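The data below hold one chain only, encoded as structure tokens and taken in the form predicted alone.
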Amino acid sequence: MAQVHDVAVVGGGLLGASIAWGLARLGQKVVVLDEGDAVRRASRANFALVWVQGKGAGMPPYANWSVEASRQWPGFAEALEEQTGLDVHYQRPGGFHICLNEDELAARQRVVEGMYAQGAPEGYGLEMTSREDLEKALPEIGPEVVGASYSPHDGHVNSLRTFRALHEGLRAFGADYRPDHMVDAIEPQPGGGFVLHTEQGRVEAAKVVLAAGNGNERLAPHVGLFAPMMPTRGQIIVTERVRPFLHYPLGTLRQTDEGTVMIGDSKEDVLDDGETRVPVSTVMADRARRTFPLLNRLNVVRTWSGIRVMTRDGFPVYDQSASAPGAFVACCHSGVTLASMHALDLARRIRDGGLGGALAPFSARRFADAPETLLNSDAAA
């Protein structure tokens, strides 16, 4: 007889690994079904920010969820290091969104005011910063910088080390990680539980969590769920190492714990991540050197493109199935920022079998074309 697991997590990237780690930490018998490192993971192409400011504009629950994720990150990073010995280099000094002209400054002011107008979370702390005050925090800024917004909740991390720590932790917890196990079909069983079909054979589990990034759109209907995705492409530039000068992450610039500088913020509809586009990189690099002129003398050592995991409206989707009890779906762009919540909060909710309360607004029922089975369901209420 096939081995039955408590939970099968489909997807072993940052999202799936965070949820699986959280479930295994709670004593669940977890199997992770993953395509493996041969795929171009969003987890390996991200910018590694734990970013709060501006998140949730138009959806207050997402702002609350992001602030709480930032608050949970120190404990999450500590738990990973205690278990695996790996320091993920999480830092939360606060972060800036730089404005290079008065129009940008006015637009950013409107964003800040809009966040408070919709009901910002308690202790949100987002504020505008003058050029004079910005120079005290970032003395190397260029003459074109006129100001910025600042959030005390923003930070960054070594995301690749976080990814490694999660997988090391899964092994330590006894989770069953199976690469090269792309899931082709999922069958809910009449008596409960699921059979997942892969080219390597079938897997049985009492519950299933879809955390397969943009692949969730294909898999969700198998278990009566809906995952409307609209991925975009982004590019990143990495410079050679330089002396520490950037002690706060920016929305488009960060200095890593290794001393390199990462530059990125492009959003493109092209979904081919096999090559980078020089015109896009040129715009990114130009804005970076205008922000910090010292970047002019640095060499670029790496550049890459990656496909973002993005829902149709940009906000996370968390749902559970009414027609196939025990099936859950999780979709989000902010896999780094929200990793702490996925591991410490979402995993517990999945174990306990309910995504109501704070997660109810994230149901895909908010989309006009959600299927009737979802619209008529009270499973996530």
Partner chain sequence: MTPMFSHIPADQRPTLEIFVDGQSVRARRGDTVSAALLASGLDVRRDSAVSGVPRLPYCMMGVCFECLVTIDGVGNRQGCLIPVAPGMRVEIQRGKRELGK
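Positions refer to the first chain, counted from 1. This structure is a prediction, so every number in the text was calculated from the model and none was measured.
Omitted from view is the form predicted together with its partner chain, to which the following refers.
- Though its partner chain is absent from this view, in the model of the complex it lies within 4.5 Å of a heavy atom of just one residue from Arg71, Arg289, Arg241, His247, which is Arg241.
- Only one of the listed residues (Gly114, Pro179, Gly259, Gly142) places a non-hydrogen atom within 4.5 angstroms of its partner chain in the model of the complex, and that residue is Gly259.
- None of the heavy atoms of Lys267 is located within 4.5 Å of its partner chain in the model of the complex.
- Put simply, Asn299 is close to its partner chain in the model of the complex: some heavy atom of it is within 4.5 Å.
- Its partner chain in the model of the complex is approached by Leu295, whose closest heavy atom lies within 4.5 angstroms of it.
- Here the chain stands by itself, but in the model of the complex one stretch of 251-259, 124-132, 279-287, 80-88, 251-259, has heavy atoms within 4.5 Å of its partner chain.
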